[in-house]
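Take a look at this one chain, the form predicted alone, written out in structure tokens.
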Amino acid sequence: MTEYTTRVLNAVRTKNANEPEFLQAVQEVISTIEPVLTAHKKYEDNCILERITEPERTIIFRVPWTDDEGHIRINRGFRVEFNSAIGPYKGGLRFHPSVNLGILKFLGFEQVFKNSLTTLAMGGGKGGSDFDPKGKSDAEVMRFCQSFMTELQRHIGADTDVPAGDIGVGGREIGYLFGQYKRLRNEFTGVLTGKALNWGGSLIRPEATGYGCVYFAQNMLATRGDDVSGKVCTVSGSGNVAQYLVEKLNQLGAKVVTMSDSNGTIYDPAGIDAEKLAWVMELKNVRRGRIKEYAEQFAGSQYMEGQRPWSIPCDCAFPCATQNEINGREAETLVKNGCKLVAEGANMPTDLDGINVYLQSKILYGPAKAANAGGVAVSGLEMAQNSQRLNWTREEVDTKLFDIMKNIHENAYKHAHEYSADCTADFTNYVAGANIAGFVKVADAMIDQGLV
């Protein structure tokens, strides 16, 4: 690493010593954009790395609410407004016991470059709470969301900061949050995305992250004259992203053999077809059950308690659960078992050791900031529809999503081959390409706008 990047990375480590996920994300980006920093000294002269690794604003607040037994409960709320150089802050809200400032800074930092790649006018941010909606009644979730929004509404707006859903924040939570915002501010604006269709939502938004990840994988495979048809695929997770990713893979002729949740993995050698997927959706979205019930329902499948899917042989792997769910050893197992493509539906699901395994093995690897950008892309399209007071058809939104994912791939491919020394006719370093393409757009905008 150069003297400049080493100095910045050491300073970030010192200031954020107890935030491993954030440090991991910063190191991964800085280590891949060095060729651009060397070629264009303006970024060092304007201290872009020092500025881009520091959030513009971090908001932390208490969230008091009352449970169904009348007991007062207290959670912590966050909003990290990371960078607004190319548009209003945009990024999801996560409700999960694991939420802390370091995780949200990592997610917000990644969101800056992901949003830049979409070509839409969106900055990067992230937020949430250590509140766990699992096991809570609708009334409890509503009371929590109303309390959370009572404070958050001071800091967001359609042209300032536009949150969306993430883990633990689905249509129910977005509805409660929006209703409280509308009541407090007396305005009906596109302040949140992921809304229901009958009050400002966009078609394809629930499907967007999963569909977009498959579209990105298709574009990667096309560089080698291939596609997903006939491929055996392993998928982790069983939430929104995983569900619609499996749906799109099925539509394109692939065979998905795994899904998972935090307790374990189901393996179905016959494939999780449309009928079985519909059962999983009812299990997870309506009954809110555990994935182990799948093995009890469908003969020939098995449940692997406490295990992740990465020991199952496959052609393509799609991690869609959570951060750092694939380590170096599991990445080696994937490659050894014949995996030729990894496309990330979750945020940073592979740790640095695992990423190095992919790159050294020269498989097709679509990092999260590129491969899972479909969700925020359609959130951006929802913002555009809200601004125009229009609703586009399903076909219009899906076509725009497909085009955005194709453009993201082309942009990452172009910048990788322009700046990354390890790219060849047969290998593209999409990590470097995505980071460089996302960085250049944001950094140039920061320079244009002066020291702010």
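One-based numbering along the sequence shown. Here the structure is a predicted model, which means the values were calculated and not measured.
Note that the form predicted in complex with a small molecule isn't included here; everything after this is about it.
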Q) in the predicted complex, do 7, 30 and 53 all put a heavy atom within 4.5 Å of the small molecule? A) no
Q) At the 4.5 Å heavy atom threshold, is residue 372 in contact with the small molecule in the predicted complex? A) yes
Q) Using 4.5 Å between non-hydrogen atoms, is residue 251 touching the small molecule in the predicted complex? A) no
Q: Find out whether any non-hydrogen atom of residue 71 is located within 4.5 angstroms of the small molecule in the predicted complex, and reply yes or no.
A: no
Q.
Using a 4.5 angstroms cut-off on non-hydrogen atoms, would residue 212 count as touching the small molecule in the predicted complex?
A. no
Q | Heavy atom within 4.5 Å of the small molecule in the predicted complex - residue from 110, 81, 382, 166 | A | 166
Q. Just one of 155, 143, 182, 96 has a heavy atom within 4.5 angstroms of the small molecule in the predicted complex, so which one?
A. 96
Q: Within 4.5 Å of the small molecule in the predicted complex, counting heavy atoms only, one of 345 to 353, 269 to 277, 326 to 334, 135 to 143 shows up; tell me which.
A: 345 to 353
